[in-house]
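Below, in structure tokens: the form predicted on its own, a single chain.
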């Protein structure tokens, strides 16, 4: 299986390549991608330099252009596609059907992947994107079980890519409005979930309070690690008890089930985390590189050693092994 790894800066890009990534995915420094955070992403010149660096070492580059263009501002997204093709990236990751059509018509030889932001999770939806736009790979939402992924792969004519490590998303991806409700900005339209300029931390005695806009997201005790405030991972009080109502702080880690994913017909594994630093990227990518090489050598699955890199020092196989509907 192909190992697809994140990069938010040139330093983390090279860390991913040197740790054994088959592919590095990244975005331009604007709202055309779903990780539009201050200090992250690439200028055109930086992406051209890093693409040359990657190609010289046999690593591919995918450009994420996976937010939904704002009416009247489509030119920004069109230019991102045009520039990515001119730079020579190996695939463009898209979600919006208008942008898919533009790319298909303007750049018929470009390889198109469907972003998880499109939330395509059934046979007919995937066939539609393949038939109408020539999409060659679909990034599947993190809500499908292993059996459902295997069943999809038996019925569709495109490659599938699944998330392997990193943050979880409990919402229908591409359709979450929690951040927009709290701040007026969303990952779908503006490329930002919990934009940094709406984030505040306050000290209250021995506690630290994290806030997003006007909302209190969490209150941490002195011994607790303070996290970045997103509404879906907030700790709220309900019926007199404080708890994580939407999602516990935990990270996806499929190291132990790589052979099962391969048997299910999965083509590629995506590491989440373009906002992570190069040390994190190097350790996570290196660990998955060794695990995949071990399987390729016929030694079977390995045990993850990434627990110290996970949120809340807790990991899960997410929906892949869920036994509920």
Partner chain sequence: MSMSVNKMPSSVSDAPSAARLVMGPVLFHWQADYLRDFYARIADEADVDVVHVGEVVCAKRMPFFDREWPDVIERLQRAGKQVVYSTLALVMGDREVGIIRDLAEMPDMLIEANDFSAIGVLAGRPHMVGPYVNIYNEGTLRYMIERGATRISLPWELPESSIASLCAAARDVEMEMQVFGRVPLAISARCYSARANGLHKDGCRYVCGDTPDGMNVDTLDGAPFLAVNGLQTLSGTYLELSAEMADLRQAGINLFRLSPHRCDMVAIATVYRQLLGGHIGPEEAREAVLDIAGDITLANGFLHAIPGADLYRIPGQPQPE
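Basically, rigid core = biggest C-alpha set you can superpose within 1.5 Å across the two forms. Keep in mind the model is a prediction, meaning the values are calculated, not measured. Residue numbers count along the first chain shown, from 1.
The same protein also has a form predicted together with its partner chain, omitted here; what follows describes it.
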Note to self: Using a 4.5 angstroms cut-off on non-hydrogen atoms, would residue 157 count as touching its partner chain in the predicted complex?
What the structure shows: no
Notebook entry, point to check: Within a 4.5 Å heavy atom cut-off, is residue 235 in contact with its partner chain in the predicted complex?
Noted result: yes
Check: Is there a heavy atom of residue 42 lying 4.5 Å or less from a heavy atom of its partner chain in the predicted complex?
Finding: no
Notebook entry, point to check: Does its partner chain get within 4.5 angstroms of any non-hydrogen atom of residue 166 in the predicted complex?
Noted result: no
Check: in the predicted complex, which of the stretches 82-90, 251-259, 117-125, 158-166 has residues with heavy atoms within 4.5 Å of its partner chain?
Finding: 117-125
Check: If you check 171, 76, 150, 199 against its partner chain in the predicted complex, which one has a heavy atom within 4.5 Å?
Finding: 171
Next item on the list: Establish, in the predicted complex, whether 19, 47 and 53 all lie within 4.5 Å of its partner chain, using non-hydrogen atoms for the distance.
Entry: no
Checklist line | Neighbours of its partner chain in the predicted complex among 124-147 [non-hydrogen atom within 4.5 angstroms] | finding: 124, 125, 127, 128, 129, 131, 132, 133, 143, 144
Check: Relative to the superposed rigid core, does the CA atom of residue 88 travel 2 Å or more between this form and the one not shown?
Finding: no
Next item on the list: Establish whether a shift of 2 Å or more occurs at the C-alpha of residue 97 between this form and the one not shown, with the two forms superposed on the rigid core.
Entry: no
Check: Taking the rigid core as reference, does residue 236 move its C-alpha 2 Å or further between this form and the one not shown?
Finding: yes
